[in-house]
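Let's start with one chain on its own, the form predicted alone, as C-alpha cells.
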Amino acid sequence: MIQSIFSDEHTVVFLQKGPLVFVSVSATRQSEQQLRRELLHVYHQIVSMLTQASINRIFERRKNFDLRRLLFGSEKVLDGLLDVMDSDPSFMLSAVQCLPLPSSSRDALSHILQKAITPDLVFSFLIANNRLVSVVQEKTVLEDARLKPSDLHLLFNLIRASAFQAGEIWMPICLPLFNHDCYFYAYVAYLDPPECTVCLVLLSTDKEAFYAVAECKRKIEEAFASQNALQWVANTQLYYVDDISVANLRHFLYKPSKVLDHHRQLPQFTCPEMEVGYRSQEERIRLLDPYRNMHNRIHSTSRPLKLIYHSAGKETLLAWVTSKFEMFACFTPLVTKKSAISELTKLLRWIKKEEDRLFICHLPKYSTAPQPGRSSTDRGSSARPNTSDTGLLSLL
C-alpha cells in the first residue's frame, strides 16, 4: 500500500481509514507525519457528523456507496477545517488556547456553569472568539475517556461553520477521540447577540433533553446578568509581545507539559496576539510554516532534539523543549542564540507569573446524580443517567 510520494515540489500523502481513503497534495515544508495528522483531522470531522460505526455499516452493505450523499451540505464544515489548519497552531500543538482571564473571574464563571445542570448533561463549555473560557464536566466521566483537544477543535470548527447569529441549535455530534461510535447532543447558543462573541455549548447524552438543557441556558443567562459576567469576558485584556518587555521578540507559542495535572487533563497553550507584520492570513501561514518544521524536527522519532536555533532572512526562530514545556519563538533578524535563550528566560518568568490568567488551572466538575436529603424538585429529576443508548455509560 502506497503511503506517500515525494517529488521536487510536492508531497503526496495517503491515509486509509476503513473504507475511506484520504489524499493530501502539499507544496509546504510539512512532513509526511504532519500531513497525515491533518488528514486524520478531516477523517475525524466526518466521523463527528456520521460516527465511525455508521460509516462502516454503510460500506459493509454497499461497497460502492457514494458518501457525498450523506455529507451534502457539510462542505463548509470541511473547507473551514482545512482553512483553519493552515493558520491555527493549536492543531500542530495538540492543545487548546484559552482566553486570558483573571482566575477569580474564570472561577466565578465556572461556578455558574456548575449550578446549571440537568440529568445526562456531560460537558458545559463557555467559548469567546474561538478561545476556551471555561469548561466543567460530569464527575462520572472516566479518566481514560477524558476530553481531548482534537475533539474540541472539531467542535469549535462546527460552531464556526454554523454561522448562526441568534437563537439556538440542537444537533447531534460525535467526539471521535472520546467515543467514535456514539453521539452527544449539543445545545449551542450565543449569550451576547448581536455581537455573538460569547458562545455557550452544553453536551447531553439524551436526544430528548432539548427543553431541559435550554432551561440550563436560561439559568446561566440570569446568573450572568445578575453578576454582569459578560463584561468580564468583554473587558478581558488580550496581550501582545510589547506587554512582556522581552527584547527583539515578535511572537511565541508556549505549551506546558508536566507542570500540573490539569495540563495533562486538557493540554493548553498560549501565544500573544499577532503584531502588524503577521496579521494577514498569508503572513500567519508563513510564520506557522517554520514553526511546523521545527516542531517536526524537535519531535522526530528517529532523532529528537531539545533545542533548535534557526536564522532566516526575515526573522530568527528558536525551538526549545524540556520536561516542563515546549516553546517556539520568533525574534527579529540577527539575534544570537545566547541572546535568544536569555530573553526566553525572562519570558518564562512572565508566563509563570501570569499562569493563572493564561490557563485553566483546574477542571471543575459537577454531579447530575441526586444528592442525599434533596427532593427531586430541587434538580428537576431525581433519576441518575441510565445505561440506555442515550445514557452516559453507553458512551464510555
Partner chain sequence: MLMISPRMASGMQEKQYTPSLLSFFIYNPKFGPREGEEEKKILFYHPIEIEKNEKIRNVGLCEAIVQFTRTFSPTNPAKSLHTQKNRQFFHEAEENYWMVMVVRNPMVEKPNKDGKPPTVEYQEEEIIDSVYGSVLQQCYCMYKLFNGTFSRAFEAGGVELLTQKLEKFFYRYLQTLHLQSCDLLDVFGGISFFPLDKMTYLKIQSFVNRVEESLSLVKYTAFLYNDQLIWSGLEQDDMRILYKYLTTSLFPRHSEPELAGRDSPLRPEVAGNLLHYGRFLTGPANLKDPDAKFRFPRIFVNTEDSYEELHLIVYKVRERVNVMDLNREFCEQLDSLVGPQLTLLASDICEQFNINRRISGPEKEPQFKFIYFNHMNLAEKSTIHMRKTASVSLTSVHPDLMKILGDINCDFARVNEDEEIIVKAMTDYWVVGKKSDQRELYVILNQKNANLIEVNEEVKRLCATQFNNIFFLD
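Residue numbers count along the first chain shown, from 1. Just so you know, these numbers come straight off a predicted model, no measurement behind them.
One more form of this protein, predicted in complex with the partner chain, exists but is not displayed; see below.
*Asks:* Identify which of L305, A247, M171, A234 has a heavy atom within 4.5 Å of the partner chain in the predicted complex; exactly one of them does.
*Replies:* Spelling it out, the residue with a heavy atom inside the cut-off is L305.
*Asks:* Within 4.5 Å of the partner chain in the predicted complex, heavy atoms considered, which of K353, K346, R29, H362?
*Replies:* Answer to the contact question: R29.
*Asks:* Would you point out which of 85-93, 100-108, 213-221, 305-313 contains residues with a non-hydrogen atom within 4.5 Å of the partner chain in the predicted complex?
*Replies:* In short, 305-313.
*Asks:* Considering only heavy atoms, tell me if T301 and the partner chain come within 4.5 Å of each other in the predicted complex.
*Replies:* Close contact exists here: in the predicted complex, T301 approaches the partner chain to within 4.5 Å, heavy atoms only.
*Asks:* My question is simply whether R160 lines the interface with the partner chain in the predicted complex - judged by any non-hydrogen atom within 4.5 Å.
*Replies:* Contact with the partner chain, no.
*Asks:* State yes or no: in the predicted complex, is some non-hydrogen atom of V12 no more than 4.5 angstroms from a non-hydrogen atom of the partner chain?
*Replies:* Output for V12 is yes: heavy atoms within 4.5 Å of the partner chain.
*Asks:* So, in the predicted complex, is Q227 in contact with the partner chain at a 4.5 angstroms heavy atom limit?
*Replies:* Taking the distances in the predicted complex, the answer for Q227 is no, it never comes within 4.5 Å of the partner chain.
*Asks:* Is it true that D8, V25 and K338, all three, sit within 4.5 Å of the partner chain in the predicted complex, judged by heavy atoms?
*Replies:* Contact check passed for all of D8, V25 and K338.
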